[in-house]
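The chain below stands alone, shown as structure tokens; this is the form predicted on its own.
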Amino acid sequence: MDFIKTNTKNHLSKDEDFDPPPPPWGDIRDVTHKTRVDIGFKDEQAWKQAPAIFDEHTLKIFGHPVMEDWETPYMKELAKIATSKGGIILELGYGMGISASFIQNADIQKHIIVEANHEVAEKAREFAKSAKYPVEVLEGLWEEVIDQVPDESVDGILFDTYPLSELEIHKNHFGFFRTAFKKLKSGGIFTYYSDEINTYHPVHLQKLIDAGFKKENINGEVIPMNPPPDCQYWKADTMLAPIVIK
């Protein structure tokens, strides 16, 4: 992999998980932020029991575009990163099962899936029945179930949950960074749907450092993206795939 070296200049001071304030970012992400605000957000507890609407190419919940299959090459790369050390893999957000299938194609020991929505979690349980490696499905918001995963017990983490509030758009992963650091074994690897076009924003980078990751262990790979013109959540032709080592 060709890694991007991070630039740690101009760090902001330590702050709350989702500071600084929401957009504008001054780029194409402003458009997709407004799109999701216009759809509107329900209570996160309601999300758990909401109907999951699948078709051949997409998954929608409460009208939100949770996942689309054009993401497949990016999901493949995230799965490759997360499984690069083998062992126990923690995946947060099952979605359409795209990354889960790639995880199962790797040489691993165990696959833990965290999924908030009940109907999607049922899909994950069906997936588990025929999976090559053992799968454990934990249903609920990750904040509710993550304590079932012992600290310093996983070798790789792939985080790809959907933002459940306006504040989380394009940065819902920030709130998980400290937990990722706790759950990983020493030398474990962390990756996630970054919402970064080609490099870490200084605030994003500082969140990882504040969580305990060392700047020299924070890298990434820029992956080509080809979203359809009508995609509501991503417009750029690249996205950064994080490669973060504990």
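One rule holds for the numbers: they count along the sequence shown, beginning at 1. Just so you know, these numbers come straight off a predicted model, no measurement behind them.
Below: the form predicted in complex with a small molecule, not depicted.
- With the partner omitted here, the stretch from 82-90, 104-112, 117-125, 147-155 that lies within 4.5 Å of the small molecule by heavy atoms in the model of the complex is 117-125.
- The contact residue chosen from 189, 208, 67, 180 relative to the small molecule in the model of the complex is 67, the criterion being a non-hydrogen atom within 4.5 angstroms.
- Contact annotation for the candidate site: 194, 200 and 227 all lie away from the small molecule in the model of the complex (no heavy atom within 4.5 Å).
- At the 4.5 Å threshold, heavy atoms of residue 59 reach the small molecule in the model of the complex.
- Residue contact check for residue 162: one or more of its heavy atoms lie within 4.5 Å of the small molecule in the model of the complex.
- The small molecule is not drawn, but in the model of the complex it has a heavy atom within 4.5 Å of residue 47.
- The small molecule is not drawn, but in the model of the complex it has no heavy atom within 4.5 Å of residue 166.
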